[in-house]
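Shown here is one chain on its own, the form predicted on its own, set out as structure tokens.
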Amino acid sequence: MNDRQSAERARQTFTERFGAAPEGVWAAPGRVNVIGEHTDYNGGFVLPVALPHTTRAAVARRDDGLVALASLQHPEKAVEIDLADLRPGHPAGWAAYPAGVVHELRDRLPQGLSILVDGDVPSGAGLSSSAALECAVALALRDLLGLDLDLTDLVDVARRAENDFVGAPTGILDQSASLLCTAEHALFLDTRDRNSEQVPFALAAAGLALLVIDSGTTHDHAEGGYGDRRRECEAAADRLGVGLLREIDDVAGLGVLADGTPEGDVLLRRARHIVTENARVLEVVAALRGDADPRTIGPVLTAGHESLRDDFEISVPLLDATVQAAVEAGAHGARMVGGGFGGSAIALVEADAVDAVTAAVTARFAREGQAAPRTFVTVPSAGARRLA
């Protein structure tokens, strides 16, 4: 669906659900991160692009003090709660993400809200469906309430919703991509000082395509290893005497972690990933800024996957198999994307080789006893916006 069709569907469904038309419809995209994984909460560099897939939020104010949340993707899990009763963990599930944004701005809300959500960002695929939901609602509330908040402020509102209300210890990568990306560009973001640059990333003009492969293995940032990795990075920074691992710009500066203990070895490998990943982002950005053939970034992507697999230990066998199959079938480079422990991979391929690479990956999934993956070619798309 295009933006007009998406807005009309959300508007019509909202009217059927709540008995009156919404005051507007807003959309925010998911993202894939070209390079720069887990660097954001370490003050490092990231390079995401926005997907054409979006989450839409149709929103209207109400006068009874209630927050009503409904989703076309979760029709049996609608929530209605008093604005005063919002608190971390309540509501839970999908509704926690928009509720967290409302909670962040509750002091500026007059009476209540009705929110109808629709979207096509794959959930649990490492493509940031949660941030898309948060950012669509955050932009809607800013516009509806006339709040003096710029896009960077909204990034913080959405991130706090995910960190403090949902309980997922993410950085600012996902929300920044959803709100700040522009079409045909990758967003080069320094997460320490928040400076950003739109870097040209029009792959089609070079005869290339960015293939996204959803492994079907879902993940949840609010649980498990993501939080462990963040704590390990903080422990490594503490041992190194720095506030953020971003302050270390060469692996030679990590020697103090190599103390011969199992814990020291783990912290060394976690920190080494962050230091080398920051360098990979800078290498890719330099290539895209200049006149280098964008195919040259392919091996950098694959090196990033190897680091995530071996040093950061957040890949899973199916993602490793995906990357291997894509590269063996002719992809210039491939890597897992997202928080890890499941989700998706990307592969940089010749535009006329998309079918061949997809077939090779699908055959590998079959050999692994897995159902065929969902795949699609993505193009760098626009960030969050009002549709109607």
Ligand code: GLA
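All residue numbers are counted from 1 along the displayed sequence. These numbers come from a predicted model, not from an experiment.
Heads up, the form predicted together with the named molecule isn't pictured, but that's what we're talking about next.
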property: Interface residue in the predicted complex among 294, 171, 112, 122, criterion: non-hydrogen atom within 4.5 angstroms of the named molecule; result: 171
property: Partner-proximal stretch of 349 to 357, 28 to 36, 57 to 65, 322 to 330 relative to the named molecule in the predicted complex, 4.5 angstroms, heavy atom; result: 28 to 36
property: Distance check, residue 94 to the named molecule in the predicted complex, heavy atom within 4.5 Å; result: no
property: The named molecule contact at residue 342 in the predicted complex, heavy atom, 4.5 Å; result: no
property: Distance check, residue 338 to the named molecule in the predicted complex, heavy atom within 4.5 Å; result: yes
property: Residue 226, heavy atom within 4.5 angstroms of the named molecule in the predicted complex; result: yes
